[in-house]
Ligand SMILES: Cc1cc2nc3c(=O)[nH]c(=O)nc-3n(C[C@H](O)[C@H](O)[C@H](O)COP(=O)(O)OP(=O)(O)OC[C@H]3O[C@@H](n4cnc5c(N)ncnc54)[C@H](O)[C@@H]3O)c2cc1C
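Presented as structure tokens, the chain that follows is alone, the form predicted alone.
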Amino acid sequence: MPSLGVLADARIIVVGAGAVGSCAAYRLAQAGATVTIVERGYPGGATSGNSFAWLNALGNFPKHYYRLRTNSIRAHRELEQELSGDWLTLNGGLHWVSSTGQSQFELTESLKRLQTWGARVDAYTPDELARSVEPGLSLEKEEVETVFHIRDEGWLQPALMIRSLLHRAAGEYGARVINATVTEMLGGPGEVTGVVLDSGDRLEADVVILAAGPDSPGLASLAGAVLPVETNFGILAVTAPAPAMIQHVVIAPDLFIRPDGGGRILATSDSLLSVPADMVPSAELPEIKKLRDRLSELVPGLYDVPFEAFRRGVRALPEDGYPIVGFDPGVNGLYYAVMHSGITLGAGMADLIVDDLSDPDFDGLAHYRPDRFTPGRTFQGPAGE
């Protein structure tokens, strides 16, 4: 489907009010579109609200994907300022490896690559880190040689961001937020012209954007489309209000922690990032006990502090790991905005979606189009600069 040209003439339904859907809905409404957001639960209550919410561009990525992530982190900063918000912390992330795990050489080489692309990375000894950066951590010098501080990383509070986005989109730009479930797609074969809700209401639109994360494949199937996205479940643990002060995102061997507001610490581990769909979080789970022990070792101030709550997260994982953004190649009017790392990518992707729907010559999403999964087409993931 070609671009819509002037968005003021467009009726757009965004299905899903998480980080990606809310950012996109806000920018589209701001650009003049008539926007309706349909959310089956409550805004931010599924994937976004149960996310580690780490903003980063770290990984063995091609350069264009690194740029997409770093540009979006900058867009997050601009978005918070625009909305006079207070949900973003960009004071950097701390990374290291142990002498028994990944080699220091591998991590150093990976970070050097990022530095050639513009990332600012500082190096500290454990003693220097404790004195000037993160005094709440306790690192054994025999196990950790160097700690790297990636300055352009951080975290955000999704619920606060989503609330502000939807409030402004509705109050200033006339967007509607509807609590409902999409049960059908309107339109004939090969096209979508709106949605049917569980209430029986029929909403017509020029474009239906699926930004419902793990629910998006099921929604796409209502239009006869196949969206190659898998679902992943994970568990996050939250401490009670704690005397230990942790100020940064910390990505340690088999332990990931960050502040969570109110003196609480959010924690997870490799073994808890992918769990069976029916696993029920409990302090008695062996994986949780191991997490608790590891957390106490790294942050001595948390020794007697129990886990207060657990969050069971669910994530959308596109087949090749990269965002799927754009019109379905076989269903006119059906547009996808589905990705892992929706927290990192939400703000920047919203700007790109606006450009995509208003400029017929826009090519800023060329690497992430759904047609890369067309049967018979050879594709190894986005490549190039």
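Just so we're clear, the structure is a prediction, and the values are computed from it rather than from any experiment. Quick note: we count residues from 1 along the sequence shown, nothing fancier.
Another form, the form predicted in complex with the ligand, is not on view; read the next lines as being about it.
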Just to confirm, with a 4.5 Å cut-off on non-hydrogen atoms, which of 46, 57, 331, 31 contacts the ligand in the predicted bound form? 46
Of 90, 180, 309, 245, which residue is found within 4.5 angstroms of the ligand in the predicted bound form when only non-hydrogen atoms are counted? 180
Okay, which stretch from 278-286, 228-236, 134-142, 120-128 lines the ligand in the predicted bound form, with non-hydrogen atoms inside 4.5 Å? 228-236
Verify the flagged residues 19, 52 and 341 against the ligand in the predicted bound form: is each one within 4.5 Å by a non-hydrogen atom? yes
In the predicted bound form, does residue 313 have a heavy atom within 4.5 Å of the ligand? yes
Within 4.5 Å, heavy atoms only: does residue 273 come near the ligand in the predicted bound form? yes
Taking heavy atoms and a 4.5 Å cut-off, does residue 39 contact the ligand in the predicted bound form? yes
If you check in the predicted bound form, is residue 215 within 4.5 Å of the ligand, heavy atoms only? yes
